[in-house]
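Here's a solo chain for you in structure tokens, the form predicted alone.
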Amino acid sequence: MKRNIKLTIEYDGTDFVGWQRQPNGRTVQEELEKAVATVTREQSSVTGAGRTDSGVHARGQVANFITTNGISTTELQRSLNGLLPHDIAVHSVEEAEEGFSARYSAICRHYRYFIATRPTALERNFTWELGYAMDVDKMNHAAFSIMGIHDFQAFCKAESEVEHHLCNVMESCWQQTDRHMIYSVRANRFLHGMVRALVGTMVNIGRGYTPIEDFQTILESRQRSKAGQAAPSKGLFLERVTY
């Protein structure tokens, strides 16, 4: 009997070339598939909710795979965590409905980007260190303006092959603490490199390099060259996926 298994996963993306299996380095998908094959004695394709890029982290990535093995979800979680490398942890394992897909059943995905506003030793792999003042009000003005449905081609890697560039953004805001600036964004879908391009452009606005009035023009241009450089991948986290 086929079973559809849903995993909730955390990983440190520092030493991965991304989620998706590829020939040029370690991937989260490949490590999971090797562990799943060892435990279930079956070759299964593990599908993720979001194909995170090289260096991007996850606290709440969701994945699923099909198996005929009758192992309990409790034993499966214990066995996977015993086999997986130190930079991947399985937080939960549960039975899903037959038609469930971690990728295609998702309603929205939530990312956060962390900027350290003072030097850090412990968080150097998980934040973008920026030691200069930024105007968070201007950054939030830009962040709020992308709420709703917009074409985000200006914030998408040029080589991305997608049917369209429309995304419905449900949350977009900056929060400032005594040590960090944190960007939270939630949408039905994200384009390749979209969050990092948005962060890089908004940082330019916060520093005064890009006038706030130009942000709408950049968005409407649909040209990646008009937006700012992508923020480093190490500050980006896939926080959770909603179904």
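Predicted model, so just to flag it, every value in this text is computed and none were measured. All residue numbers are counted from 1 along the displayed sequence.
What comes next is about the form predicted in complex with another copy of the chain, which does not appear here.
Student: Using the partner position in the predicted bound form, report whether Arg51 sits within 4.5 Å of another copy of the chain, counting heavy atoms only.
Tutor: No.
Student: With the cut-off set at 4.5 Å between non-hydrogen atoms, does Leu32 touch another copy of the chain in the predicted bound form?
Tutor: No, no contact at 4.5 Å.
Student: Taking another copy of the chain as it sits in the predicted bound form, is His165 near enough to touch it, meaning that at least one heavy atom pair lies within 4.5 angstroms?
Tutor: So His165 does not count as contacting another copy of the chain.
Student: Is Thr120 near another copy of the chain? Define near as a heavy atom within 4.5 Å, in the predicted bound form.
Tutor: Although another copy of the chain is absent here, Thr120 would touch it in the predicted bound form, with heavy atoms inside 4.5 Å.
Student: Could you check which residue among Cys108, Ala89, Leu130, Leu83 gets a heavy atom within 4.5 Å of another copy of the chain in the predicted bound form?
Tutor: Result of the distance check: Ala89.
Student: Quick one: of Arg189, Arg179, Arg207, His192, which gets a non-hydrogen atom within 4.5 angstroms of another copy of the chain in the predicted bound form?
Tutor: Filtering the options by heavy-atom distance leaves Arg179.
Student: For the spot marked by Ile5, Phe65 and Phe100, is every residue within 4.5 Å of another copy of the chain in the predicted bound form through some heavy atom?
Tutor: No, the candidate spot makes no contact with another copy of the chain.
Student: Work out which of the listed stretches, 55 to 63, 211 to 219, 195 to 203, 40 to 48, brings a heavy atom within 4.5 angstroms of another copy of the chain in the predicted bound form.
Tutor: It is 55 to 63 that comes within 4.5 Å of the partner.
Student: Could you list which residues of 1 to 25 come within 4.5 Å of another copy of the chain in the predicted bound form, counting heavy atoms only?
Tutor: Result: Glu10, Tyr11, Asp12.
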